[in-house]
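Quick heads-up: it's one chain on its own, the form predicted on its own, in structure tokens.
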């Protein structure tokens, strides 16, 4: 085969064979196909799209480009979750301990954040001593001993995806649904999941701005998973306003702990219960009509009786973290400067723009503009209002946590534009827009 012929075939609208896709991915992974040809191939896919069969073949080729984790010795039926990313998304920190406390073991590898705030791994590193890098042996042993592990993704899983994503990022080919879907699913398949729950965010603070495009991405990923023999659930969740209140790494860890202790924001609790219940239902392979509601009630009990919190403590302790920071979240990193932004007038909150809040946290140093940027774990924003709330002049809308006065001023200028008001009471935003299931 020749790379040029494969590029031209896709450029002209042809459908690539399984062998052509696999040959191209393998060649690029081992550097026998140069960046400029891979970039041309990605652009051809971006412009021409891919059929469902091509998209599945691309996903499997990327999943097979490195190691595949076999969890069957410790988890006979493994369930995983993935979020497409959002503002204030600390869901894994709450959901995984709850699911594990319910007796469904979870073994998850997560990434670092690139953008407005840190990823799950960055958040966990707010806890002193927490080890995010584990060997395969340590990973498997921890699942066997504790029923839960949450660490960084190894470079040996789906290396083709890492190379192709870096190239997409600099060639204007990121917003391609087949490429997005195959990137996400290749890592999930390589990580050994039998069943996957996808939390597809939609709104101003998400990559997908509109429900229909989010539904199409979810449909493609569910189709990929089903074609690969996995049980799939995809939920479309709102990201027009931040999830919960805290946006920033240590602040989000603190809020996750509060939620596991029975407090925390109502929207975050409800979101975590629904996502977690789908994981429990899949992990137990339950299909009854009431299984989801029963799982929600069971997880709510684990919040109320402290079972989820104890499992989070167990996770942190198992990975070398300072459990005293879990027991007393005031010991987590704290910012030097704390300032409220008050409402200028009475009214109802009509919008809290998630994207603007995200930009403010990036200005403070809670996220990364480039992969090499350091993250300040202490800084961020606490959102003090939700769509539909009634506020009075002087009520705090946001609380900024900063370590630099100039950055605080930049964040303040952004946040002063983040809230819109109305005279009448608006409808609250829905938590979820739709749920898609595989047909397996």
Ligand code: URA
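Numbering follows the first chain given and starts at 1. Bear in mind the structure is a predicted one, so any value in this text is a computation, not a measurement.
The same protein also exists as the form predicted in complex with this ligand; that form is not shown, yet it is the one meant from here on.
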Where, among 278-286, 224-232, 165-173, 310-318, do residues come within 4.5 Å of this ligand in the predicted complex by heavy atom distance?
165-173
Between 241, 83, 120, 126, only one gets a heavy atom within 4.5 angstroms of this ligand in the predicted complex; which residue is that?
83
This ligand isn't shown here, but in the predicted complex which of 259, 183, 92, 237 has a heavy atom within 4.5 Å of it?
183
Decide whether residue 75 counts as a contact residue for this ligand in the predicted complex under a heavy atom distance cut-off of 4.5 Å.
no
Would you please decide whether residue 352 lies within 4.5 angstroms of this ligand in the predicted complex, comparing each non-hydrogen atom pair?
no
May I ask you to state whether residue 207 is within 4.5 Å of this ligand in the predicted complex, using heavy atom distances?
yes
Interface membership of residue 271, this ligand in the predicted complex, 4.5 Å heavy atom rule:
no
